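What follows is a single chain, given as structure tokens, in the form predicted alone.
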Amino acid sequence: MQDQTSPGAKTFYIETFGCQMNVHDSEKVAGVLMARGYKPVAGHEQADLILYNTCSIREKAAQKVFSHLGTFKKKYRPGEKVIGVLGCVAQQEGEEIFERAPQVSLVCGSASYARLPELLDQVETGNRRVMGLSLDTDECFETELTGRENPFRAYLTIVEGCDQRCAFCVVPMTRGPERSRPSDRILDECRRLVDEGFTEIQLLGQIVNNWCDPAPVRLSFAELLGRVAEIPGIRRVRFTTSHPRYFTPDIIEAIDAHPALCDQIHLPVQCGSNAVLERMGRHYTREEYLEEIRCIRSARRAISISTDIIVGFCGETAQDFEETLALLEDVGYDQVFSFKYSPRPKTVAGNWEDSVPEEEKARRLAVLQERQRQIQLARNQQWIGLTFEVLVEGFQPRLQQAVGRTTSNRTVNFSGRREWVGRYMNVRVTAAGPNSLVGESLEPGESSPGATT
């Protein structure tokens, strides 16, 4: 958020931790604040109101928030700044945050952001312990006042909350039960976003493919994808995060049928061992997951696949871990987000013995990440010599490089200019590393062998 201060205006600063849904939630909070007359600033030093939008999915993320709050206690006098904690840590810890961090005067969960004006009124009248922790509410879908960070990509939440109760996960406790947004409101907002100049839409949900249309038309998730992709002016549609339990072949059929649907699927597996998957409460087997992978690989388009993996879950044996490593080879993921297991409060597994030592977790994580690095390097090298359409997302002045992203979510760096940001350009891949591609932009009319994707 750029600094837009004016004399006498109250200012705010938001720091966001965690997933894309948190990023979008921060956009909603910024919109509410700006409608109230607040102005965003680039750092907490200039801010009257400091907000941390937090993530509690991993223990380290939650600890980082309290570490930041601790520095503020030393840096600012009581009452000098209004400090608030938002998001999952706020929902999880609740009133205990005031005890751990007395400098905090506002604690607000994601479902209550529409109530921020009245909550701030309470703070401004001198109340130093203000909470908004409702869970089962549709206020989370209010986006009219969203202060969007990106001028060409828009996030749009279609599912909030989760009912799955995976043994390791805090989301049902921090974001509440699953609620789906009606299809007519989703499509209306997509059209409005196009009118505002956005060309890429990212549909978000803790389990986005378990979206259940509350509207009378009762669209399926695949049908919704098709309807969004058909809106004139939309160039790209992404969706995350999918759950293997609800992944159906008609999603692949929709991607094949609609070029605007990006050839990318994020399908968290968490582990390659059936024994561990059962303890996790994931409700699918390794074999069922691999059958879904085969369905994805059978598509006419080459679809990139990413996943999440947890190492060191309660009771994970050396053999369980070897099965996860074998899964990497079986699938050939294009990207893996991997983490050491950390017990979270109020979860089923939080009451179990954390049986894998931290040193062993770290070792397994390093082994897995190195194995995946080799897989990604080999997969990325397959694209050398081919041409892709990229959306230019950024510019690195020092290197004079544009940074773009393909529809398959691969990052491409190439010589460019700042004014290219936001443009769609054809780029030929000339080199590849494990995490990104290197390319050269093509002049109009120039062509290269291979499919453009």
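Numbering starts at 1 and runs along the sequence shown. What you are looking at is a predicted structure, and each value in this text was computed from that prediction instead of being measured.
What follows is about the form predicted together with a small molecule, which we do not show.
- For the small molecule in the model of the complex, the listed stretch (352 to 360, 168 to 176, 151 to 159, 101 to 109) containing residues with heavy atoms inside 4.5 Å is 168 to 176.
- Only one of the listed residues (Val32, Leu49, Ile57, Val41) places a non-hydrogen atom within 4.5 angstroms of the small molecule in the model of the complex, and that residue is Ile57.
- Exactly one listed residue, out of Thr285, Ser342, Ser220, Ser306, brings a non-hydrogen atom to within 4.5 Å of the small molecule in the model of the complex: Ser342.
- The small molecule in the model of the complex is not approached by Gln376, whose heavy atoms all lie more than 4.5 angstroms from it.
- Though the partner is left out of this view, Leu203 does not reach within 4.5 Å of the small molecule in the model of the complex, counting heavy atoms only.
- Mapping the unseen interface onto this chain, Ile310 counts among the residues with a heavy atom inside 4.5 Å of the small molecule in the model of the complex.
- Taking non-hydrogen atoms only, Gly272 never approaches the small molecule to within 4.5 angstroms in the model of the complex.
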